[in-house]
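One chain follows as structure tokens, the form predicted alone.
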Amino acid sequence: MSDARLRRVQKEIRDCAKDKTSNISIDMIDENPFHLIGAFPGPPDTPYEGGYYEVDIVIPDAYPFQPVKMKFITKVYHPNVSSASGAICLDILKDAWSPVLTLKSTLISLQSLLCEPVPNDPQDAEVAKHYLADRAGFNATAKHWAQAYAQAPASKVKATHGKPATDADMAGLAEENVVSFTDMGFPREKVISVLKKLNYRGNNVSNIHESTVLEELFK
């Protein structure tokens, strides 16, 4: 099995290198064919456009009869990717895996996942809540992350104002909402943490009474 696994992985790496149209790359880590880095550009017409995303790939002993293990190395703001660990919620990495899938096709599926989030089956519940409550705010935050972590170019809006993204921007929060509580004397870091937890964004702000926020801040 190990020889067959090695031959298959080596062939997949070669085939991917020959394909100049997909913009998918796969490289070994420390010459280990069973520990790889995959990479692809952010899909166009999404908040991830212009970014470059790297994925850690571990080939299990029973590959291709067991799914590969993948997680994002590049930080991504997305409902189906953990903001903290890069863990991915995608069916083909679990029970929908098939031996006919390849490393390249799986990376293409990850690229497609950036186009079409599945917020009702999230890996990161806080990001999923943001996506559902305030799509425009979510897109803006995802763009900030793409610029900060994936080398995406700054947007025209950012260039016009000439200001880098703030910690509130990176959390998907309106600055005025953060300031309204920091002006009460609460530490900015704690305010941002609580507002993120409560999904104090977009239309959802009107559904959360100030006393609820204060109760969390006083804990």
Partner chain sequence: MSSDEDANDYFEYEDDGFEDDEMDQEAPVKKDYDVAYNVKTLSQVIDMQKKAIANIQTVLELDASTAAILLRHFGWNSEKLQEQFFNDPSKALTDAGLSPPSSPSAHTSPLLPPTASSSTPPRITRSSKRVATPATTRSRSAVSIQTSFECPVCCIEYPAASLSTKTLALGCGHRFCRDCWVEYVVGKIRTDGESAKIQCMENGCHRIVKGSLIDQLVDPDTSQRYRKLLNEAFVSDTATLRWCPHPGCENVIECSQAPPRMLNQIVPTVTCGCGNELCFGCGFAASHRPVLCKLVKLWQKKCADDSETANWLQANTKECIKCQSTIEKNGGCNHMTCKKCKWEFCWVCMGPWSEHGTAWYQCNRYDEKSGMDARDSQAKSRASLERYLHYFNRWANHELSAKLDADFYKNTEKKMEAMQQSGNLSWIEVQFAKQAVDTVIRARITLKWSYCMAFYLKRNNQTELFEDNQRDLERAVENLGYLLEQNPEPDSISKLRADITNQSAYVQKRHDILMDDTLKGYLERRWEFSVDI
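Everything numeric here is computed off the predicted structure, so don't read it as measured data. Positions refer to the first chain, counted from 1.
A second form of this protein, the form predicted together with its partner chain, is not displayed here; the remarks below concern that form.
Within 4.5 Å of some heavy atom of its partner chain in the predicted bound form lies at least one heavy atom of residue 100. Contact annotation: residue 197 falls outside 4.5 Å of its partner chain in the predicted bound form, judged by heavy atom distances. In the predicted bound form, its partner chain lies farther than 4.5 Å from every heavy atom of residue 186. Looking at residue 96, you'd find a heavy atom of it within 4.5 angstroms of its partner chain in the predicted bound form. With the partner omitted from this view, the residue of 151, 193, 182, 66 that lies near its partner chain in the predicted bound form is 66 [heavy atom within 4.5 Å]. Stretch 57-65 is the contacting one of 165-173, 25-33, 38-46, 57-65, since its residues have non-hydrogen atoms within 4.5 Å of its partner chain in the predicted bound form. Heavy atoms closer than or equal to 4.5 Å to its partner chain in the predicted bound form belong, across 205-219, to one residue only: 215.
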